[in-house]
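First comes one chain, alone, set out as structure tokens in the form predicted on its own.
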């Protein structure tokens, strides 16, 4: 299948006379990302990243101005309602959303029904581009199985006795099943397993159980404030340097919130702002973000920026705001402008992009924000990139028709 290469510069400069001639009305892009609750900080970072992509594109696409409308992702029900409002009342061309897997799955069902593209920014559960995939849903966030495969070798080096502590929703459950499978491959031992409610503030009872079980590694399947609270109490109990914590996903905002004296763990990320291997477009994004916000962009900001960037490229290519036309373009747009290729895989709509495995620790050098140190890049060669994200048989996606 032929793929098209678009960069920020092309998006900003290219014109689409046919589309522009039809109407001077703005192209509306919807955001359903958390403004409140445990995912408010990463949700805000993602929203700001998306809006920066629009600014870097000159606030125009296909010769038309761009309008961004941001509604809250407070919970799965409200995310569905806000997605529907953006489509029916605001007539958006596409929606970027999902501050967690539960809300992402809820909105994906609406996207299929109303036939408007959804770009999942931060939902990591495999189902989104797996058994629950659909033609109108794309995902920028890495999947839990991919993240687990990336961290498993380093976790196994710490020891093969693992305890599983996961938030009781899609991401946590997927983390448990994926990491347990990796543990079995290396002949390891399961020390225990607990599912905790979202929004847990007190982990003391779980930590006492873990301390008694004496695992080598604790696999934590949670995000947002849940992970922050766990790491803070982990340090309070004096376990920071005694037992390793590992998770298939991490947010920079989580590390910044807990501080360098608490930051710890082994994690997988699609991108890190200080990675010397970042593409020229990503380096420009970092520079622009720093100038605007006075600090480096978190991974959530990059996810929002990348999601918006790809949608704008698709609209530019399609020369249309029709949902089906944008979907077809998103299935073919590919950024190969530099060393980090980025594209949505046509058969499951997962963003394909290299990963980095990072370790939490004290801030490096003069950069007080750099609390995640890159340990390795995954995969080692670009030829292994597609396989790392799983085969059709492993992923289990059947997209269906438009």
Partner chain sequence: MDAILSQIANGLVLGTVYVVVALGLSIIFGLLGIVNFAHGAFVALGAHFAVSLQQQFGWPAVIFAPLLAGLCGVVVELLLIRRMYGKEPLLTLVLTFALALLIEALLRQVFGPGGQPFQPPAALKGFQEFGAILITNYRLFVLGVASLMLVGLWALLTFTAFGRILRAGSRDAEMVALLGINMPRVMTATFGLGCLAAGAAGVLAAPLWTVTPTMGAAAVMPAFVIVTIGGLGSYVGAIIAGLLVGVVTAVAVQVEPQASTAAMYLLMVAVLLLRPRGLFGERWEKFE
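Take the two forms, find the largest set of C-alpha atoms that superpose within 1.5 Å, and that set is the rigid core. None of the values given here were measured: they were computed from a predicted structure. Residue numbers count along the first chain shown, from 1.
The same protein has a further form, the form predicted in complex with its partner chain, not shown here; the description that follows concerns it.
*Asks:* So which of 201, 287, 322, 184 gets a non-hydrogen atom within 4.5 Å of its partner chain in the predicted bound form?
*Replies:* Here the answer is residue option 201.
*Asks:* Please pick, from 279, 168, 75, 134, the one residue with any non-hydrogen atom lying within 4.5 angstroms of its partner chain in the predicted bound form.
*Replies:* Looking at the other structure, the residue within range turns out to be 168.
*Asks:* I'd like to know whether residue 211 contacts its partner chain in the predicted bound form, with contact meaning heavy atoms within 4.5 angstroms.
*Replies:* Within the cut-off, so yes.
*Asks:* Hey, in the predicted bound form, is residue 259 touching its partner chain, heavy atoms inside 4.5 Å?
*Replies:* Yes, residue 259 is a contact residue.
*Asks:* Using heavy atoms and a 4.5 Å limit, would one call residue 81 a contact residue for its partner chain in the predicted bound form?
*Replies:* Taking the distances in the predicted bound form, the answer for residue 81 is no, it never comes within 4.5 Å of its partner chain.
*Asks:* In the predicted bound form, does residue 194 have a heavy atom within 4.5 Å of its partner chain?
*Replies:* Residue 194: contacts its partner chain in the predicted bound form.
*Asks:* Kindly confirm or deny that 37, 232 and 237 each have some heavy atom within 4.5 angstroms of its partner chain in the predicted bound form.
*Replies:* Heavy-atom distance to its partner chain in the predicted bound form: all three under 4.5 Å.
*Asks:* Can you pick the stretch from 61 to 69, 373 to 381, 39 to 47, 351 to 359 whose heavy atoms fall within 4.5 Å of its partner chain in the predicted bound form?
*Replies:* It is 39 to 47 that comes within 4.5 Å of the partner.
*Asks:* Counting only non-hydrogen atoms and a 4.5 Å cut-off, give the residues of 316 to 331 close to its partner chain in the predicted bound form.
*Replies:* Result: empty, none.
*Asks:* Hey, does residue 196 budge by 2 Å or more at the Cα between this form and the one not shown once the core is superposed?
*Replies:* For residue 196, whose C-alpha is compared between this form and the one not shown after core superposition, the shift is 2 Å or more.
*Asks:* Indicate whether residue 229 shows a C-alpha shift of 2 Å or more between this form and the one not shown, with the rigid core used for the fit.
*Replies:* Where the cores coincide, residue 229 still shows a C-alpha shift between this form and the one not shown that is 2 Å or more.
*Asks:* Rigid core fitted, then: does residue 210 show a CA shift of 2 angstroms or greater between this form and the one not shown?
*Replies:* Result for residue 210: yes, a 2 Å-plus shift.
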